[in-house]
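Before any questions on how it binds or moves, here is one chain, the form predicted on its own, in structure tokens.
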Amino acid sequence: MSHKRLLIPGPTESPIEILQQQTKWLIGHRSADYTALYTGIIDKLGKYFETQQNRTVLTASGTIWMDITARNIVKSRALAGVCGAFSDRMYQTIRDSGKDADQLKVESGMAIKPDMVLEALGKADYDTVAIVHNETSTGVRNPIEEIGKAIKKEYPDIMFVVDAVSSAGGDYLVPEKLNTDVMFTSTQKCFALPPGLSMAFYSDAAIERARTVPGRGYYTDLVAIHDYYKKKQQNPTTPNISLMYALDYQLDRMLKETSKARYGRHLAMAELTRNWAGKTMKMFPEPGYESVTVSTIANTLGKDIGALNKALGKKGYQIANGYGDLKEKTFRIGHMGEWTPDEIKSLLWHIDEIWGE
């Protein structure tokens, strides 16, 4: 099978040297060797994200943290910001857990603003706010630092949960600066690893909240995850050891690059793509709220995006069509992980060449 270089919102391209880390011999997940591997990962996550918050790595996709939020953090009622398909998934997950959940919904392509959140919080008794930082269906980057600051100033006891699945590791995020109580991500986006692990950062207040919430489940029990690590420095359930090797290796690379330099590289790729799109089309997100890891472009030229992707495939590239109702109305270029500005220039040159034929 010919290899297509993935410039989609995820999974993104994983360099061969990262993939090869998964070929190491397995070790027992209750061994001292695994403890050393896992505690090293937890330490490196703290250093990269400049945080003292609690950290954990689960063998699951990032979506599991929507369930963990619903079953551990929400006591009775949550406000979920909805600005696209994945933020709507957060809302539905909380609602389907049996908790009350209300939407703070904005028009597709628009961002959720702090004043909107504060206005909504004044209308009901909420104990949790859940926001998706980087909505990959629309390419919107919500201003979570401003939102977190506003929430904690007016409602300090409300838990602030952020889905950073498609931004953490590419965008510059520090949990304490964001005032997050739970911030989660996963491996197949900006970390440039295969899918299969999710990482989260959670405050002491979040674990204390969880201790008061019944029905936390088993695999989704944050208290059990937290307490087992404190006691054993391991996972309570069997982890994907092979992916842990890859994560450990990649964290070393990320620390060498530094979080700020990594953010700068992602921003440079985003700006290249935005400038290119602005010459003949326009960005789909409202100005000033564009993602730095995935660009969603309005298909104002009426091009056949499926045909474009088929032609790109012959040249060894793959981008993404619009998501759901936005199919063919938009298209998406994922510039996350280990891609560089020069490689983005090459992709954009190929698109221009195809459309010029």
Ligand SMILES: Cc1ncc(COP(=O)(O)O)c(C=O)c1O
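In this text, residue numbers run from 1 along the sequence as written. What you are looking at is a predicted structure, and each value in this text was computed from that prediction instead of being measured.
Not pictured, yet referred to below: the form predicted in complex with the named molecule.
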Since the partner isn't included here, can you check whether the named molecule sits close to all of S259, R262 and T293 in the model of the complex (heavy atom within 4.5 Å for each)? no
So which stretch, 112 to 120, 270 to 278, 99 to 107, 126 to 134, is the one near the named molecule in the model of the complex (non-hydrogen atoms, 4.5 Å)? 126 to 134
Using a 4.5 Å heavy atom cut-off, state whether V165 contacts the named molecule in the model of the complex. yes
Looking at the partner-bound form in the model of the complex, is R89 within 4.5 Å of the named molecule by any heavy atom? yes
I'd like to know whether K189 contacts the named molecule in the model of the complex, with contact meaning heavy atoms within 4.5 angstroms. yes
Hey, in the model of the complex, does T63 get a heavy atom within 4.5 angstroms of the named molecule? yes
